[in-house]
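We begin with a single chain expressed as structure tokens, specifically the form predicted alone.
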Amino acid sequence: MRDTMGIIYTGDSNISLQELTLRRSIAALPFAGRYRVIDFTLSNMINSGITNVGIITQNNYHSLMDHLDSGKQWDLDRKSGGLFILPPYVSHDNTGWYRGEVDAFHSNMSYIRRSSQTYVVISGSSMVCGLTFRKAMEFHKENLADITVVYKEDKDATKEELSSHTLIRTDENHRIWDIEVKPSVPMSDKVSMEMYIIDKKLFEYLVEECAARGQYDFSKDILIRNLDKLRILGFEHDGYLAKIDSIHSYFKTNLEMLEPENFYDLFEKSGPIYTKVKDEVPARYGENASAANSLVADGCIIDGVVENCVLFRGVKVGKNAYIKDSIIMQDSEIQERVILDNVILDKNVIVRKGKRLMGQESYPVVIRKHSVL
């Protein structure tokens, strides 16, 4: 797929993530012990052979830029192509604040035009999945599609879960004939993964046309308005998929990584997931420590009991502490005799001796970064 460039739009913002996205974008959210959410979309592109990737940022992007650095961990620090971080800027034609994905693409059209590739893979940054785009690209070319939408049929999803997605309906020839954007009454269980394949020249034309008419939403103004004019097809992904758009989905998705089949599907089936490497000593367990069914990153020191948890780098768990069904981010300290159940601690949180925090699976307790309890 050297004839394909990738564009990742990280401007998604969601107040449902509360304290977790006060100072970071969804793309920069820590995930599964040592990763960030953007690692999955970016690694999927690298595993597909895409070597020219542009990442469009909008707000709270400093931690994201620090994480991505030069792109070396993804083999994108190269002379030809590589990683391009595209922060917002103010000019005569650009206000610095994007009104939608199409506005973001239009503001960065100079980067898109000077890229020599023939096709574009467009993706949001809130989906967690493991795939390569090779089969989707073969499908796109063989079926002479103008636009290919990657989707996942989720028959087990509730109506509330489906209502937070963009849904599609296809015919027997894979052609999309209806699209619903976050419907209150969903009529389909085919979830758009916000990943699209399109010819670059056609993409440039559609973006310019939308910008000229003051249209800024990709799903509504490019896809829905052109269902009858363009050949828009759906390609089904049959692996694991999760969307990080709320505290509940973030909590649930992290804990789902404790199930071996989900972990294998996400981290091994379609290729490795790359991330920024940090050298730490291995996790250390004290004489009375116990850890069951948990992801424990390097640098952790455990002297208490940990069950069904995700512990990021450098977490300290004191003696006689008991942590269950919780997510503890980097460099947090849980002191002696602390009890945590259904809790999310952001980075560098200190929970002092004897404290107790109890949440629920559907509504975990969230403690913001650098808090001391």
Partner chain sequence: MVAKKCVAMLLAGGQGSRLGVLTKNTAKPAVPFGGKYRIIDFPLSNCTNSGIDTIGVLTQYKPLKLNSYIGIGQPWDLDRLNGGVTILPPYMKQTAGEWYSGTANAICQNIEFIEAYNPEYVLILSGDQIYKMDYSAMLAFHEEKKADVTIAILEVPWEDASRFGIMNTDEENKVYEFVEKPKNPISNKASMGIYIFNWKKLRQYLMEDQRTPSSSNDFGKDIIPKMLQDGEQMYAFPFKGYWRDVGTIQSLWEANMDLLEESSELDLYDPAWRIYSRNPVEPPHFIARGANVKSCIITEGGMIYGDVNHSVLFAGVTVGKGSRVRNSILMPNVKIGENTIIENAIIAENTVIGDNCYIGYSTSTQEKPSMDGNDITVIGENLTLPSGYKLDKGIMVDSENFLSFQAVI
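Keep in mind that this is a model prediction, so the values were computed, not measured. Positions refer to the first chain, counted from 1.
Keep in mind that the form predicted in complex with its partner chain is not shown, yet the notes after this line are about it.
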{"item": "Which of 192 to 200, 285 to 293, 221 to 229, 139 to 147 lines the interface with its partner chain in the predicted bound form (heavy atom within 4.5 Å)", "value": "285 to 293"}
{"item": "Non-hydrogen atom within 4.5 Å of its partner chain in the predicted bound form for each of A32, D298 and I301", "value": "yes"}
{"item": "Interface residue in the predicted bound form among V277, V90, A212, V185, criterion: non-hydrogen atom within 4.5 angstroms of its partner chain", "value": "V277"}
{"item": "Listed residue that, although its partner chain is not shown, lies within 4.5 Å of it in the predicted bound form (heavy atoms), from I112, I85, L258, A157", "value": "L258"}
{"item": "4.5 Å heavy atom contact, Y216 and its partner chain in the predicted bound form", "value": "no"}
{"item": "Contact flag, G239 vs its partner chain in the predicted bound form, heavy atom cut 4.5 Å", "value": "no"}
{"item": "Distance check, K319 to its partner chain in the predicted bound form, heavy atom within 4.5 Å", "value": "yes"}
{"item": "Touches its partner chain in the predicted bound form: G96 (any heavy atom, 4.5 Å)", "value": "no"}
